[in-house]
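The chain below stands alone and is given as structure tokens, in the form predicted alone.
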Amino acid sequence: MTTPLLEVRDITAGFGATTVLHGVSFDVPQGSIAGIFGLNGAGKSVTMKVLGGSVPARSGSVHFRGQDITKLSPEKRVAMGMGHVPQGRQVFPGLTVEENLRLGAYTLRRKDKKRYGPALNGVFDRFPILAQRRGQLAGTMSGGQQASLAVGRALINEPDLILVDEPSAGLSPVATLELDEVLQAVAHTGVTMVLVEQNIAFGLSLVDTAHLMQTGTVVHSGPVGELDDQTLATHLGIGRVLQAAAGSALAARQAPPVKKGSRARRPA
């Protein structure tokens, strides 16, 4: 059996005397998108911070490409092939698009300066809007364009895995649709993702596997194609309106399987 790209085992973590995560475990296969869903306070963002290395695990382990990275710094995880799209995008508003990307490529430039030029061009090829606005201040861009910049900044180091934390937060419906297209395009390139998303319907349109969290534990894991809206309602306590929206997203993901070698994405 193929070893998962990311293995999370019995992670506990917290702040001070407060324990937030109580034994979180899940796997992320190569080339897949794993979604972490839960109500506020369930531990989603803390889980992402543990994966990224900014919050230490008190116990348990995180393995990436078969290597134990539980105690590694965020910088070393980036150097190993992990990228991060933080909540709120966190672009540098007073810097240009290209300057933001250059900062994002800090690790790559230290490791192999010759790779920076091709990597930058690769991001511009993937995101034409960033190429068009390479000299524009990031703070003057729309929310959707800033989201593309945040994703491009994570991808410029050519990672095997990106952690995407609440990407649709604060975006308009139109910008959310644009972001959906961006992330689906990234998925088609084979980059593995772990996605935390409060907008359940949006998240379910993207992910292959859903991990549902309650009070610091994963209470359900499984393929999106086998998930039903009643399970979501039971574990996440969502109301009728959200349950209907989530049900529609699930129905779109439960279409007949596509040919081997192509990813089953949400219909346009």
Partner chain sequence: MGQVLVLGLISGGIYALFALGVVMVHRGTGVLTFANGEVGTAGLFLAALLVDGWTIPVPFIDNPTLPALPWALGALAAVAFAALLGCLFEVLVVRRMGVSDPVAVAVATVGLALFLLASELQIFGESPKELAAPVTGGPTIFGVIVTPTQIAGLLLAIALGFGLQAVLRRTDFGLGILAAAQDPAAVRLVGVPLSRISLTIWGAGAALAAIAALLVEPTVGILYPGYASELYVVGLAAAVIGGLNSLPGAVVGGCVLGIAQSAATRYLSDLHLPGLHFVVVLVVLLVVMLGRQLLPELIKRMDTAPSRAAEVSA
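Note that the structure is a prediction, hence the values are computed from the model and not measured. Residue numbers count along the first chain shown, from 1. Rigid core (definition): largest C-alpha set, two forms, superposition within 1.5 Å.
Omitted from view is the form predicted in complex with its partner chain, to which the following refers.
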Item to check | Of Gln90, Gln184, Gln132, Ser142, the one that lies within 4.5 Å of its partner chain in the model of the complex (heavy atoms) | outcome: Gln90
Next on the checklist: With the distance limit set at 4.5 angstroms and only heavy atoms considered, check whether Val78, Glu99 and Arg153 all reach its partner chain in the model of the complex.
Outcome noted: yes
Checklist entry - Can any non-hydrogen atom of Arg109 be found within 4.5 angstroms of its partner chain in the model of the complex? => result yes
Item to check | is_contact(Gly94, its partner chain) in the model of the complex, heavy atom dist at most 4.5 Å | outcome: yes
Checklist entry - Applying a 4.5 Å heavy atom distance criterion, does Gly104 contact its partner chain in the model of the complex? => result yes
Item to check | Partner proximity in the model of the complex: Gly122 to its partner chain, non-hydrogen atom cutoff 4.5 Å | outcome: no
Item to check | in the model of the complex: members of 19 to 50 within 4.5 Å of its partner chain, any heavy atom | outcome: none
Next on the checklist: Taking 2 Å as the cut-off, check whether the CA of Arg134 shifts that much or more between the shown form and the other one after a rigid core fit.
Outcome noted: no
Item to check | C-alpha of His188 moved at least 2 Å between the shown form and the other one on rigid core | outcome: no
Item to check | Core fit, then Lys71 C-alpha moves 2 Å or more between the shown form and the other one | outcome: no
